[in-house]
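Read the single chain below, which is given as structure tokens and is the form predicted on its own.
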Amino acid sequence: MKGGIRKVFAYMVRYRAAGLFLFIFCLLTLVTLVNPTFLEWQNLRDIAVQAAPICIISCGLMLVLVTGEIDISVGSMMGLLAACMGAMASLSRGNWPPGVVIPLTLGIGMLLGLLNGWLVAYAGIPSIIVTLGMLTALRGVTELIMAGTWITDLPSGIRFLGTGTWLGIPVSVWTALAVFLVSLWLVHQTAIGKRIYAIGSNPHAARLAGLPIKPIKVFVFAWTGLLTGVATLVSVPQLSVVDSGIGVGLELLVITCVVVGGTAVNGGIGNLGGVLCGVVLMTMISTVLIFMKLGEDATYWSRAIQGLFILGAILADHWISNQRKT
């Protein structure tokens, strides 16, 4: 009996996506038994809308971690992009047309990612230091742009990105699906996707093989910046106001989703299917706790569980590493 349980545990650890899918299924079964209204369409729709921007950014951050780097600036980056988008689009400020605001927001995100990548790849500064500095600096720039005020009157063209639907499904969910599929293609069907994994698995061998390590690292950071811009465009317009607190703590949630989804923190390993399961799980945790009737304590439990999940994921990676050595 114990041997069977050990085998199931080992399978779930090694094949993280399958393990997470099974865990999510069991969690859904439990919460539905306690509160059947959890499976109502409106609730599932709300969870999907919450998960969409996290999924979009996670698709980029996974590639950063696969190369052996990390980016903890995505939360502050979203805050700055939200402030820039709001300042440009607001009817009482820039009043620029959506056809200008959208590409500029994406462009700013990509440029910020390029800056992160250049500092890491070419200046040789550790990514944790670069992105920690950017986390603080971008938050400060956001405060300067917002100047202690809120941005309210976003035009309908921008609001549609966050609140609009197509075939009854929110635009943000369609966008997350498109980003996920493009990321799958990038990882599995392109040369750069294979090189990303090669660099993370064995940097020394990749260097001897002549792989363009520095340009690829710049690419993954720029890609993450671009996707942060996409996530900003489909999530921030859902809000009635744009304030300087947007994106605070987002980086920890995204990293948790990616790591829980099976991406190794030391590079070389990452699976988009697992990341998607990690996003779904971590997004629905707070809602599950509310439906389990924990009341005001749900928020505190959610944070504690988030921390336990990321610790568990790191321990699982350590266990897998030890198993491979024996």
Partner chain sequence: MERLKTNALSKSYGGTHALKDISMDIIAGEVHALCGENGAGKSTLIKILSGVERPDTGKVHWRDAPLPLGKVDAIEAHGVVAVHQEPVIFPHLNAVDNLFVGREHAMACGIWLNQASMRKQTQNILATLGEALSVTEPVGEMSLAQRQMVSMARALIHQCRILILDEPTASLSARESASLFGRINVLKEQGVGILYVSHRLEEVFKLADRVTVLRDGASVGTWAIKDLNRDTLIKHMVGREVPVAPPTSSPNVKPTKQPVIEVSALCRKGAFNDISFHIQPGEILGMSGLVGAGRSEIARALFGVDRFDSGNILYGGRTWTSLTIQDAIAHGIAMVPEDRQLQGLVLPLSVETNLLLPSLANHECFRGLDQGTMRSTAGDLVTQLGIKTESPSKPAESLSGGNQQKIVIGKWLHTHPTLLILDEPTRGVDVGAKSEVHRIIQALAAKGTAILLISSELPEILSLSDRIMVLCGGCNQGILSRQEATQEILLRRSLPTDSGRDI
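Residue numbers count along the first chain shown, from 1. Since the model is a prediction, treat every value here as computed from it, not as a measurement.
Not on display, but discussed next: the form predicted in complex with the partner chain.
K.L.:
Looking at 209, 177, 100, 241, which is the one with a non-hydrogen atom within 4.5 Å of the partner chain in the model of the complex?
P.N.:
Comparing distances to the partner chain in the model of the complex, the residue within 4.5 Å is 209.
K.L.:
Here the chain is shown alone; which of 152, 163, 95, 201 has a heavy atom within 4.5 Å of the partner chain in the model of the complex?
P.N.:
Contact check passes for 201.
K.L.:
Can you work out whether residue 205 and the partner chain are in contact in the model of the complex, taking contact to mean some heavy atom pair no more than 4.5 Å apart?
P.N.:
So residue 205 counts as contacting the partner chain.
K.L.:
Taking heavy atoms and a 4.5 Å cut-off, does residue 189 contact the partner chain in the model of the complex?
P.N.:
Residue 189 belongs to the contact set for the partner chain.
K.L.:
Can any non-hydrogen atom of residue 195 be found within 4.5 angstroms of the partner chain in the model of the complex?
P.N.:
Answer yes; at least one heavy atom of residue 195 falls within 4.5 Å of the partner chain in the model of the complex.
K.L.:
Looking at the partner-bound form in the model of the complex, is residue 269 within 4.5 Å of the partner chain by any heavy atom?
P.N.:
Residue-level check for residue 269: yes, a contact with the partner chain.
K.L.:
Which is the contacting stretch out of 105-113, 166-174, 180-188, 229-237, given heavy atoms within 4.5 Å of the partner chain in the model of the complex?
P.N.:
Selected range: 180-188.
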